[in-house]
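Only one chain comes next, encoded as structure tokens, the form predicted alone.
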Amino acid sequence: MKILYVSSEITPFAKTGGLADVAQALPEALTKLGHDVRTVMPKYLRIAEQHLAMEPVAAFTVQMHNGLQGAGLLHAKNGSVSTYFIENEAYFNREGLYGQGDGDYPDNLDRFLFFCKAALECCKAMDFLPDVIHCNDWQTAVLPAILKSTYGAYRQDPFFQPLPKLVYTIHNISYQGRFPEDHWPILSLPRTYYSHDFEFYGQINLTKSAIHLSDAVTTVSETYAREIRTTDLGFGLQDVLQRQKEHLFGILNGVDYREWRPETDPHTYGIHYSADNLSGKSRIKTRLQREYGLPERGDAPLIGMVTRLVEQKGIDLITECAEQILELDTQMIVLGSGDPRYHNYFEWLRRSYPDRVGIYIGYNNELAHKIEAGADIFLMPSLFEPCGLNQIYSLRYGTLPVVRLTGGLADTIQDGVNGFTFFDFEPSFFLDAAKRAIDTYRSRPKMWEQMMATAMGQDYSWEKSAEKYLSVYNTVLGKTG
């Protein structure tokens, strides 16, 4: 099968979130299963600054509303996958991917419309007619409309015959690509598309159009697929998704166990462990306690957090309950960044409990691995969580998660089996789950060991997820075998 995977960010070239990791790992897993997968993304300034060995492929023009715009196509390998970069200095030679500071670039509609059109034109440059084009999030959401109108209507372009099938993945539906209606001329699409596919409370909504015009829509866990079509976690698009429910699939993201593996992790002080020999875990905990000036105590549960410090991640529950949790003779190490008010809170918490709290404001991949390996309990009480990866990392490291039953957290964590759960987004319910985890660690060691063994034995590898995506591709292609 020939697959074009279109994403606005791909690890390791450019990343702002989990989308980039998926856009690297899923194409690689599909390639290993024997399929011809090409990934395509913009060539941002930060990519140019990496001085990668890139092969020029072609130069072409893209018809935009204000005339022809030039595009360059370059190629590099990303593991076993061929990655193609769309070059245009005016659109992509900027410090940020989507904006700077707290604001988006005002011409983002132009920028990612250009990217979508160029992604289709690059198929011609590569002489690559995909069976499936897989689009991701709002930055690629206009591509289905372009393909079906510009290339498909009245068989205008013989290269795209038959038209590739379209799969659209929602990684986080709270980001939809909404723009004022008066931007409609930028898209150069027939007005009928606006009223039927794009219009959303008087605005252009790119994600709505992709839901309407794709052959299948996927999202990153089964529970999240249900939540976004039946609750207000659809952020206004729940009715649209409910009407398309037969074409909506929830597929849990996988994780890369080459990177997240306690037996070989290069970031854990040179200390390793496994489900058969856990002695290294306590040694990593001791080193982590020492690094953050905490008493080196095995009997005190070490609670870890690696998160964006934003409302979505349930940080308000943490701030309500952190002192009560610490008063249960526990320790806590928090790694993250986000809203300054949360930065201020955790800095205050560290000053108030210097022998119990360690804080790192920012991002530190090595520390993230140390926390996953050295902590006993991992907190992840998200308001909503499309998939979540840290709870899956925690399972492999035997660090039992405390999570709210939403999205991928509900699909991966079972209370009393491999972690501790609660549902109502209320401090008292979160605190009860945390207390149960702490009590089990202290008072029921046999149960704790059994839960660790269960957690460490679970497999959320990308190979399983890739097989499910292939099933969706075969469904839209009309293949049943």
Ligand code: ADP
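We number the residues from 1 along the sequence you see. This is a predicted model, so every value here is computed, not measured.
One more form of this protein exists, namely the form predicted together with the ligand; it is left out here, but the text below deals with it.
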Handout entry: Which of 121-129, 285-293, 328-336, 73-81 sits within 4.5 Å of the ligand in the predicted bound form, heavy atom basis
Key = 328-336
Exercise for the section: Scan 342, 114, 260, 160 and let me know which has any heavy atom within 4.5 Å of the ligand in the predicted bound form. Expected result: 260
Fill in the blank from the handout: Assert contact residue (the ligand, in the predicted bound form, non-hydrogen atom within 4.5 Å, options 388, 374, 398, 144) equals 388
Practice task
Using the partner position in the predicted bound form, report whether residue 201 sits within 4.5 Å of the ligand, counting heavy atoms only.
Solution key: no
Handout entry: the ligand contact at residue 168 in the predicted bound form, heavy atom, 4.5 Å
Key = no
Problem - residue 307: touches the ligand in the predicted bound form, heavy atom cutoff 4.5 angstroms - result: yes
Handout entry: Touches the ligand in the predicted bound form: residue 370 (any heavy atom, 4.5 Å)
Key = no
Practice task
Let me know which residues along 9-35 have a heavy atom within 4.5 Å of the ligand in the predicted bound form, or say none if there are none.
Solution key: 15, 17, 18, 19, 21
